[in-house]
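The chain below stands alone and is given as structure tokens, in the form predicted alone.
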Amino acid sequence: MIGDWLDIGSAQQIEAGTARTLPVEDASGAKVREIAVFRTMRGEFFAIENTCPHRQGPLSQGIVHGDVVTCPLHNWNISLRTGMALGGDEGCVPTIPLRVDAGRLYLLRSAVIGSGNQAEAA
């Protein structure tokens, strides 16, 4: 699967209930943001920006329960499906479309590097 999708590696590299991060760099090599790819205990995969909307905590270091991650800084719960803060909290984290094909993980290229190709996945 190529073209519109970026191959980011084997699905087996992420253990259930954990996340791995993917830095995204601009043309100069400067890191511009980080994407967190989660694998739930049910074996589903989700990709979201690795920054909590509350105090920019690293969501990849949070606790995964169901399809929710709890931010390690202030316990905000973020839906991995929608990126929305849950409960009484308000805020949203951008989600990145992800596909699994033949054991490989793919992110939608335009959601990672945009249509202008100004940044590239590292």
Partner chain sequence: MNFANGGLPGGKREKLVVIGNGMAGCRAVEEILARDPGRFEVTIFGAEPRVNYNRIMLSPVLAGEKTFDEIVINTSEWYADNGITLVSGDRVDHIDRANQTVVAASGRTEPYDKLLIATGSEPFIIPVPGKDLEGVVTFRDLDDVDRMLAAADKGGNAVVIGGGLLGLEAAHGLSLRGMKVTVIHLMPTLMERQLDEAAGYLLKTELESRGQTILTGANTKEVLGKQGKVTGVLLEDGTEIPADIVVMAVGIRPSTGLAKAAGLDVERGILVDDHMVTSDPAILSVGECVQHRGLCYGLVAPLWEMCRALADHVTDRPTGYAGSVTSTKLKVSGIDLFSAGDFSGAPGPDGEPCEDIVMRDASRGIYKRVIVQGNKVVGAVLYGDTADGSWYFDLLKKGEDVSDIREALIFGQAFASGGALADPNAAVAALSDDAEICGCNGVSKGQVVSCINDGSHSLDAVRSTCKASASCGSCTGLVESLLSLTLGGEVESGPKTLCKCTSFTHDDVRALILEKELKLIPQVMQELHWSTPDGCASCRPALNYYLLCAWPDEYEDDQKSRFVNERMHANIQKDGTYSVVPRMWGGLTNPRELRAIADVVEKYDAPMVKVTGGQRLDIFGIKKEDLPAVWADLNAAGMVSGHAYGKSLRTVKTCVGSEWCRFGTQDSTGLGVQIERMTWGSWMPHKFKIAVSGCPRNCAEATIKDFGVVCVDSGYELHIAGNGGIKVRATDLLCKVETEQEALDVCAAFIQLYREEAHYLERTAPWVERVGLQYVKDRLAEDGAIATYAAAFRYSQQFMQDDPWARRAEGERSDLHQHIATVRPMEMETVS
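Numbering follows the first chain given and starts at 1. Because the structure is a prediction, the values reported are computed rather than measured.
Omitted from view is the form predicted together with the partner chain, to which the following refers.
- Put simply, Q61 is close to the partner chain in the model of the complex: some heavy atom of it is within 4.5 Å.
- The shortest heavy atom separation between D26 and the partner chain in the model of the complex is within 4.5 Å.
- Proximity of P72 to the partner chain in the model of the complex: non-hydrogen atoms within 4.5 Å are present.
- For the chain shown alone, P94 is not a contact residue for the partner chain in the model of the complex, no non-hydrogen atom being within 4.5 angstroms.
- Of all the residues from 27-47, those having a non-hydrogen atom no more than 4.5 Å from the partner chain in the model of the complex are A27, E34, M41, R42.
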